[in-house]
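Taking the form predicted alone, here's one chain by itself in structure tokens.
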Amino acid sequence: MRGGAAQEATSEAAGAAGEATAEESAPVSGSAGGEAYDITLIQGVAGDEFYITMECGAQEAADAAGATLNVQGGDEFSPTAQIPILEAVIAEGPDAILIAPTDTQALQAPIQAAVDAGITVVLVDTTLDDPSVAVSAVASDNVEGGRQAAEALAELIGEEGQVLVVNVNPGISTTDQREQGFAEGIAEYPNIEYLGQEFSNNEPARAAEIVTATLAANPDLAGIFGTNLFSAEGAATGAQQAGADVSIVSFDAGPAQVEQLEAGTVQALIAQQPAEIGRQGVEQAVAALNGEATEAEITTGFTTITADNLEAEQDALYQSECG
């Protein structure tokens, strides 16, 4: 039940009985002395270390606020998987929902339905075409992350040669913005030719096919930016199959990405701050529920990780479980 409705019901019951004490009619409190709000985090996809790490940060903030956090996510990053989960959560009536929309357009109406039901909504990681339906949107500055990827790749290839982006699917705000930032950043290097982006449908095999085909047409391809784990993984496979020496920059820093870095399959990782996204998402939700001011947009930063600084940047790596 949402917090406002709970308070109203409690007050009415106390008035009818005429004998409730102040303690009995007061809102239920959590360990931090605040109201025990029910908050649900709907991840972009379940089991992904990025979203697990986000959950860890969200749980810390929920514990500090005396709130209850529930976590749900689909088995794939798609509106088809996410919308039924969102609809079921709306029916349960939590006080707030933190959600990483899997499509900028397809989730607009379902999230509006949550708001219409009186649920406070915070967008985390990904966004909508019209994010104003939410009280706050907390995410990495993915355009800046793309620029950082461009800088890292330019350094790896000596600031000259041809480069390619292997992206996921169009219509995903985060990866669209990463490509945008990369294109803007790589344009600052006059001796680098940007071949554009290709979409892998989040399938490593398709990413590998893209790279082998690109190498057949452009044998001097020097670098690739994979906008997520599977894009980079497939790109590396394609380069290996073609016997090409290509530098690869990947986004995120989960265990699989770190293994790729340690094996030399990729040469740099652009790590986000998912725990901070989760933490601030809960804080914004609680502030809104308490009638306090919220920030419409909050952005978080990145860390570029290479084999040389991996040991020193352990805190930037993602978690496979909350400790």
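From 1 onward, residues are counted along the sequence shown. All figures in this text were calculated on a predicted structure; none of them were measured in a lab. The term rigid core refers to the maximal set of C-alpha atoms that superpose within 1.5 Å between the two forms.
Omitted from view is the form predicted together with a small molecule, to which the following refers.
Q: Given that the partner is absent here, does residue 48 sit within 4.5 Å of the small molecule in the predicted complex, heavy atoms only?
A: Within the cut-off, so yes.
Q: Is there a heavy atom of residue 199 lying 4.5 Å or less from a heavy atom of the small molecule in the predicted complex?
A: No, residue 199 is distant from the partner.
Q: So in the predicted complex, does residue 179 come within 4.5 Å of the small molecule, heavy atom to heavy atom?
A: Residue 179: no contact with the small molecule in the predicted complex.
Q: Decide whether residue 229 counts as a contact residue for the small molecule in the predicted complex under a heavy atom distance cut-off of 4.5 Å.
A: Although the small molecule is absent here, residue 229 would touch it in the predicted complex, with heavy atoms inside 4.5 Å.
Q: When the small molecule is placed as it is in the predicted complex, which of 238 to 246, 204 to 212, 144 to 152, 123 to 131 ends up with heavy atoms within 4.5 Å of it?
A: Looking at the other structure, the answer is 123 to 131.
Q: Though the small molecule is not shown, can you say which of 53, 280, 272, 40 has a heavy atom within 4.5 Å of it in the predicted complex?
A: Comparing distances to the small molecule in the predicted complex, the residue within 4.5 Å is 272.
Q: Which residue among 82, 136, 167, 174 has a heavy atom within 4.5 angstroms of the small molecule in the predicted complex?
A: Only one option qualifies, and that one is 174.
Q: Superposing on the rigid core, is the Cα displacement of residue 233 between the shown form and the other one 2 Å or more?
A: Yes, residue 233 moves 2 Å or more.
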